[in-house]
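Starting off, we have a lone chain in the form predicted alone, written out as structure tokens.
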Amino acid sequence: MSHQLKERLQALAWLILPIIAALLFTAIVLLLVGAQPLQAFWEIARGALESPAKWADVLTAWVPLALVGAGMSLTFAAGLWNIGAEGQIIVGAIFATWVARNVHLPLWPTLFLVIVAGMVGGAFWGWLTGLLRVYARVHEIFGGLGMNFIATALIIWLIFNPWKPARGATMSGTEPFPPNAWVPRLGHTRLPPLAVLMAILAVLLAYYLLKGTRYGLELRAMGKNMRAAFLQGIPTHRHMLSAFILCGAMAGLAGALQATAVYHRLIPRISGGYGYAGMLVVILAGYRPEWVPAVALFFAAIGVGSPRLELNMQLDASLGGVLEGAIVLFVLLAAGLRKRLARRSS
């Protein structure tokens, strides 16, 4: 066996073994609650893939995961833990909602303004987190979480006060948008082809920036050693702010599409937890945008299929989140173990 082939097989083993360990861990959890693991995994798969309508739902859930994952690949490349994507989704949806409620133009001009507004809103919220990191020395984890709480409070205030429906404010959200602010769907499904296309373009943009530009090279140098990058003349402050802005723009786009393509209104839970799930996606993708689409599709399938556990097995649908988190945990543990073994052998 050649040395190169041996290295490839070892890399494949380090990728597969954590997934097997996560499945075994989840199986143990299922056995502890008296459920059959194989049946649970089958129900999740069947719930996600049993019909074309379910496939469409998986792709619909894939869009925000891919957008957030693509954006976070930029901030992670720079060594920044951008926890604030959840708030950036919310603010993007708020900006898009303002346009949808106040602009009365034909469909495509309205959608263009809605999309731009969502990206501007998310970029603005990401920029604020970046300002806290760069100039106030607030770590992006704490700054991002704080901005998430502010965004959550803002959306609830808007829905229950100035934007409340005529019949009274409820958790169902605002009045539906005018039809000229609805992103067209594919047939009778919930799938918006335009949203899928925009997510693909966002992933390609992130890949190009990181792999094909000097900017991406400098971001990755910052991620390796921020101090050394600064001493080499890389404008680290400017690049940190731009990474937050780009990530925020993609998350804001996800929020705009959630409001105009999925719900056709603004609801309190418009983010759907995709900001946090997107972080898991990019971690499992190894911070590489080229792997984000596949990992996001896997997470989307689990999210769509998990409710079947409640229907057929009387298990909470949050078990899907346990599986997602376990996979990420074991992948991180395997990566750490692999590095330690490599240091010992060198």
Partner chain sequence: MDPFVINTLASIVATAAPLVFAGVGETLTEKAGVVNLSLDGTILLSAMAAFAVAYNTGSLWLGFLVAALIGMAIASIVAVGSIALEQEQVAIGFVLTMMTADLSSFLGNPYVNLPGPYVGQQPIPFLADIPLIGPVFFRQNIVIYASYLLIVLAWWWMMRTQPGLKMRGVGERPASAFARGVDVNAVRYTYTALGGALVGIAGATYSLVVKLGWSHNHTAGNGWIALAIVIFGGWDPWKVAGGAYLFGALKALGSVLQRNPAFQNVPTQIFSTAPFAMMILFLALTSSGLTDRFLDLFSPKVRNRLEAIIRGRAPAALGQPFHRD
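This structure is a prediction, so every number in the text was calculated from the model and none was measured. We call the rigid core the largest set of C-alpha positions that still match within 1.5 Å between the two forms. Numbering follows the first chain given and starts at 1.
The same protein also exists as the form predicted together with the partner chain; that form is not shown, yet it is the one meant from here on.
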Choose one stretch from 192-200, 157-165, 87-95, 253-261: the one whose residues place a heavy atom within 4.5 angstroms of the partner chain in the predicted complex.
157-165
Under a 4.5 Å heavy atom criterion, is H104 part of the interface with the partner chain in the predicted complex?
no
Look up in the predicted complex whether E50 has a non-hydrogen atom within 4.5 angstroms of the partner chain, and give yes or no.
no
Consider F298 of the chain shown here, and say whether it contacts the partner chain in the predicted complex, taking contact as heavy atoms within 4.5 Å.
no
Would R137 sit within 4.5 Å of the partner chain in the predicted complex, counting heavy atoms only?
yes
Under a 4.5 angstroms heavy atom criterion, identify the one residue in I44, A285, V58, L315 near the partner chain in the predicted complex.
L315
Joint contact, L113, G173 and V183 to the partner chain in the predicted complex, by non-hydrogen atom at 4.5 Å
no
Residues from 312-335 in contact with the partner chain (non-hydrogen atom within 4.5 Å) in the predicted complex:
L315, D316, S318, L319, G321, V322, G325, A326, V328, L329, L332, L333, A335
Any chance the CA of V322 moves 2 angstroms or more between the shown form and the other one, core superposed?
no
